[in-house]
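You are given structure tokens for the same protein chain in two forms, set apart as structure 1 and structure 2.
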Structure 1
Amino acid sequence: MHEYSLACEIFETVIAIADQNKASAVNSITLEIGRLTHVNPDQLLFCLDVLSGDSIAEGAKVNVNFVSPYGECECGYREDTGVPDNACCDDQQSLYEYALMTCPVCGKLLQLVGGNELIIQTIDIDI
């Protein structure tokens, strides 16, 4: 269950930063999740919600921005392989589709660069 441990790490970081800023409440957390990471966003959000209960982050809204990998080919082709970043979880391409993407110029299998992130971008707090 690696969403739980990732959620713990996110939660601890959020609370530490909120404390440093003497916050009374955390209103929202914005995350960036790479589309190639093996993280199920729904499970991650559920774990975060459970962990936040009875803390200053209770009920905080979690916004997720997805980051697509770049496809690179030895012929020099380079392009974002993604769907629009405002797409919801259900619109995500499967890992299988990414893994089999080929270069539109020469037809070779694309090398995928990036898309492995799990970034806590910002938190919105009350001071």
Structure 2
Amino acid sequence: MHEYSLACEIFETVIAIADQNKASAVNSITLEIGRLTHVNPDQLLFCLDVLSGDSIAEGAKVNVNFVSPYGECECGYREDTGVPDNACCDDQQSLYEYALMTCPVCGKLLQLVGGNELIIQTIDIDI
């Protein structure tokens, strides 16, 4: 369960930034998670909730924005792969279809770009 180690890094970063800014509370955290990270958002949120107990981040709302990879072709074509926001592990077949996506312009295989992000976008704190 790598979500726990990811949650630990996120939590430590959030607390360090809150301490640097002499925050009295962390109100919310916004994360950007790529569709190809294989992070289970429910497990990540659970771990963050457990880690934040008895800290200034206890009860902070965690927002998650999912990022789909883009398909790029050497002919210059580039477009969002269009994976729905509710795709999950049970949809592995649809996720495997990424590897077989072809360019609608020239028919060559698309190269996937992005979708591996796990970024803390914003931290809302009270000072």
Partner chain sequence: MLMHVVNVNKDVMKANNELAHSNKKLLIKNRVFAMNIMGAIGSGKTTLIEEAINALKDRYRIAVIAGDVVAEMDASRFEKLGVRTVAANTGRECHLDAKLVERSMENIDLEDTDILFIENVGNLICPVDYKLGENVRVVVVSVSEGDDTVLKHPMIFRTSDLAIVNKVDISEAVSADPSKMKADIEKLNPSIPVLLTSRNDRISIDRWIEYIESYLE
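Rigid core: the largest C-alpha set superposing within 1.5 Å between the two forms. These numbers come from a predicted model, not from an experiment. Sequence positions of structure 1, starting at 1, serve as the residue numbers.
S.K.: For this pair of chain forms, which number matches the form predicted in complex with its partner chain?
M.R.: It is the first structure (the form predicted in complex with its partner chain) rather than the second.
S.K.: Establish whether a shift of 2 Å or more occurs at the C-alpha of E74 between structures 1 and 2, with the two forms superposed on the rigid core.
M.R.: Moves: yes, 2 Å or greater.
S.K.: If I superpose the two forms on their rigid core, does the C-alpha of I119 end up displaced by 2 Å or more between structures 1 and 2?
M.R.: I119 C-alpha, core-superposed: shift of less than 2 Å.
S.K.: Using the core for the fit, does the CA position of A16 change by 2 Å or more between structures 1 and 2?
M.R.: It does not reach a 2 Å shift.
S.K.: Core superposed first, then measure: what is the displacement of the CA of C103 between structures 1 and 2, in Å?
M.R.: Taking the core as reference, the C-alpha of C103 is shifted 2.9 Å.
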